[in-house]
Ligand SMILES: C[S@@+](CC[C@H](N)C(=O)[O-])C[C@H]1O[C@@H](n2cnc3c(N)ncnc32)[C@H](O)[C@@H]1O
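To begin, one chain is listed below as structure tokens, in the form predicted on its own.
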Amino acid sequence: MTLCVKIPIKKTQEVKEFLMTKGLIDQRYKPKKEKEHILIPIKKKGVKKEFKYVSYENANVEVKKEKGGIKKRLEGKLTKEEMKRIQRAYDIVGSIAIIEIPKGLERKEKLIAETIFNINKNIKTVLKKAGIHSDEFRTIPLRWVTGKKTKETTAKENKVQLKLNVEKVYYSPRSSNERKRIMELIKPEEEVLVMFSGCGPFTCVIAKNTPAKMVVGVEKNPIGHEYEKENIKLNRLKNAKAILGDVRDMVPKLGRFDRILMPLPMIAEEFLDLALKAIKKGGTIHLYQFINWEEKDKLRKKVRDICAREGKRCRILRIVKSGQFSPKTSRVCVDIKVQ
């Protein structure tokens, strides 16, 4: 008997995203489908506190045939030294896998890409990183390695579909759980501003899943803006709109908001003064930053100093980890209540 979480079929996707993010799925076993529920084998409990409609059950489930991950499948095809440099982790956006080829393994990139292609039946294209992120739009050059020759795909998360070109528009599937956290904070009739909105993940997730009156996304990247407009239509959202332009120019023209999101961790603090001018009294600002977690008190002081400089009384509700940028650097969100 294996510990499983029992999920109503209609709720499977959102719970599975949470399980994958937290690493709770027991990959040794196959999920088991019943008439109205799915049983997903898990390593330990911790799901029910997030989703009240699930339950736990010990069930007989089928053991997966041992196929192995990328390193297992490459054994005997690469030297021991080459195997040491292979990276297990890679990003999947919709039907596209994005990989990094370690220095010195360029001649083996086709073999590595085809191995990944064969691991996951949902992957139709494998691209490799061919440079570093740009400063302005956070995009990264990518080169085709195998599969369908495309850089456009449709990702699914939190009940929305997001169409994008993975080379021209920044999008992180790893932030889906953070978007879920924010959407659960939205109150009825809130007017929400998403600065640096990209192809619209925050815009669409909030507009689709909450009682927000209106969600406005402002994006400087014209390609990202066009995808955001398309995604609003794709998800049939009546309470969302996309605006093209620099937030410094556009936000002062938009009035005031109950909630403002600033998902640009590298430089978002440089625009906090702008958000403070656009937030309603009693509203909340979500400021994203990259920090060493041990230095969170410095970030807390910096935010308070900016608020004081702008003549605003602010209370920091919490600083939440929302991802890992590097071994010593976390992506965090500072939830700021403006009084």
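Note that residue numbering begins at 1 and tracks the sequence as displayed. Every value quoted in this text rests on a predicted model; they were computed, and no experiment measured them.
What follows is about the form predicted together with the ligand, which we do not show.
Taking the partner from the other structure, the ligand in the predicted bound form has a heavy atom within 4.5 Å of a heavy atom of residue 202. The ligand is not shown here, and in the predicted bound form it never comes within 4.5 Å of any heavy atom of residue 106.
Though the partner is left out of this view, residue 78 does not reach within 4.5 Å of the ligand in the predicted bound form, counting heavy atoms only. In the predicted bound form, the ligand sits within 4.5 Å of a heavy atom of residue 179. Listed residues 90, 144, 117, 137 were compared with the ligand in the predicted bound form; 137 is the one with a heavy atom within 4.5 Å. Stretch 246 to 254 is the contacting one of 147 to 155, 207 to 215, 232 to 240, 246 to 254, since its residues have non-hydrogen atoms within 4.5 Å of the ligand in the predicted bound form. The partner is not shown here, but in the predicted bound form the stretch 202 to 221 reaches within 4.5 angstroms of the ligand through a heavy atom at 202, 218, 219, 220, 221.
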